[in-house]
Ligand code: OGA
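Just the one chain here, laid out as C-alpha cells, in the form predicted on its own.
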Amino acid sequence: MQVMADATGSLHHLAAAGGVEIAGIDVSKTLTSSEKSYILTLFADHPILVFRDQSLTKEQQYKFTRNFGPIEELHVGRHISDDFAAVHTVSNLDKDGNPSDRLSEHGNYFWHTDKSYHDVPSLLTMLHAVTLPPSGGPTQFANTERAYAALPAATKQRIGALRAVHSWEASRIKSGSSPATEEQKRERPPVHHPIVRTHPVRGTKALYLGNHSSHVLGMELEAGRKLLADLEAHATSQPFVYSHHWRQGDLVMWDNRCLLHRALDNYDMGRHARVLHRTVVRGSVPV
C-alpha cells in the first residue's frame, strides 16, 4: 500500500475504486479552513475518503456533512430518527431493535448510486460505523468512471446519447423489497438521466446506472434492460471494485456521481447488529 505524508495528515491509497484513507483529522470538531480545503482537494481527485477512528454524535456528523453542500433532508422509505432527522440509520435491526435476517428492505445489497430516482440526485454520501458484526458486512464500491474509460470505442458511441429511466418503484421490485406505496409513488415519480454523465468537477465521463435504473428511453424494453445489465456487470467487475471492511468509528464519504455501491450480507444477520448513520448531500442534475 502506497503511503503519502502530508502536513495535515497521512494518506493511504486504496486500490481499484480510487479512494484514500486519511489520518490526523478529527471530524467531530469544527474544521479549520486548511482542513476543509484539504478534504475538498482530495475529494476532487478521489471518489472515496475514509476517516478512521471517528467518534461522532448525529449532530457532529450533520455539522461535518454541511461543509460539502445542502443536506438531503427527506429519505423516502427510510427510517428517520426523531432526534436528528437528517441523519438516519442504516441497519439490520427489526422494529423491536433486534438483529434480523428477515427485513423487508433489501436495496442496500444491490449495486446502486444514491437517490438517482430524484430529479437532482446525490452528490455524496457519508456512513459512520456505530455497531458492527464481529466480521463481514463490508461495503463495496465500483468506479464507473474507470469502467467507462475501459469500454470499447464502439460501445461508448452507442450509449453516448442514451438516457435511462430511474424509478423508486422499479428499484423496490428489482431488489425484492416491500412494494412502493401509492404515497411513495406520488412522492418519487420516475425520472430519466443520461447513461453516461459528465463529472462536474473533473469533466470526465462515467456510467450512471444501477438498481434504481429501470429501462432505456427509446429502446425495446428487454433490450434496454439487457444493455443496462451488461454495463452494470462490466462496471462492477473486479478491476473496478474496492471492498471496504469496516472498523469501529470509520466514516466513509463517497462520490455518487462516479460510483456504485452495495453492502454484503456475509455475516450472521440474525445474531449480530450492523448499524451505520447516513447523511447525504444534494448534488446537481446529471448531464
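Don't overthink the numbering: it's just position in the shown sequence, from 1. None of these values were measured; they are calculated from a predicted model.
If you look for the form predicted together with ligand OGA, you will not find it shown, but the lines that follow are about it.
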*Name the stretch, out of 157-165, 104-112, 143-151, 195-203, where some heavy atom lies within 4.5 Å of ligand OGA in the predicted complex.*
104-112
*Could you tell me which one of L132, L93, A170, L127 places a heavy atom within 4.5 Å of ligand OGA in the predicted complex?*
L127
*Which one, Y242, W254, F51, F64, lies within 4.5 Å of ligand OGA in the predicted complex by heavy atoms?*
W254
_Exercise: S214 in contact with ligand OGA in the predicted complex, heavy atom 4.5 Å_ = no
*Looking at the partner-bound form in the predicted complex, is T139 within 4.5 Å of ligand OGA by any heavy atom?*
yes
*Looking at the partner-bound form in the predicted complex, is A263 within 4.5 Å of ligand OGA by any heavy atom?*
yes
*Is R274 close enough to touch ligand OGA in the predicted complex, meaning at least one heavy atom pair within 4.5 Å?*
yes
